[in-house]
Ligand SMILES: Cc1cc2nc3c(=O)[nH]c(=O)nc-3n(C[C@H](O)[C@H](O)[C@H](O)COP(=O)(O)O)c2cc1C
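One chain is shown next in structure tokens, namely the form predicted alone.
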């Protein structure tokens, strides 16, 4: 698979088959992604990959808590989005959400169904395997960028292996539960989770292809 094909076919997969993900694929993906660039070669990423009985245990813990705590452990340790999000970013975020709910025919006024779908985040959309990412608290913005590149590399390598992924910052709401379950050291800050598995090709929600801004909105090319 070409890199361009991996980029073009990568989506946030929100429905999976129950086919298990082979351990050798997880190992290849993580080892290959370690070639991602990082300033000063700090390689500031930390990742936990779980599946099988371990993932089932984790799911059970979260589901036992979510009834009384639908928004997890409380405030996140970082702002997932800026508190005062300006345009055009605010409109892009809103359209992404509306397009997603439209793909599964959930109306804006159907608050119960929307909450039900939001809670699917915390079942990893049914993914048979998961990854969780953290970074040392001493790191700065540059190293957070490095972590993002590592996660992107994982998503592209997953496509080469015939897999799909769902990167989820929503898991930041459960950072305490995740930290306790995985034994994440206190000097590391939890960032996000990611479901990984074989995509359910028949699920309507997986037809969603989010928009991209017009090239001229973000690209500034001179001297060519």
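Residue numbers count along the first chain shown, from 1. These numbers were taken from a predicted model, which means no experiment stands behind them.
The discussion below concerns the form predicted together with this ligand, not included here.
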The one residue among 66, 34, 188, 170 placing a heavy atom within 4.5 Å of this ligand in the predicted bound form is 170
Exercise. Looking at the partner-bound form in the predicted bound form, is residue 203 within 4.5 Å of this ligand by any heavy atom?
Worked result: no
So, residue 210 and this ligand: in the predicted bound form, are they within 4.5 Å at any heavy atom pair? yes
| query | Applying a 4.5 Å heavy atom distance criterion, does residue 96 contact this ligand in the predicted bound form? | reply | yes
- Do residue 10 and this ligand come within 4.5 Å of each other in the predicted bound form, heavy atoms counted? yes
Among 105-113, 69-77, 138-146, 118-126, the stretch whose residues bring a heavy atom within 4.5 Å of this ligand in the predicted bound form is 118-126
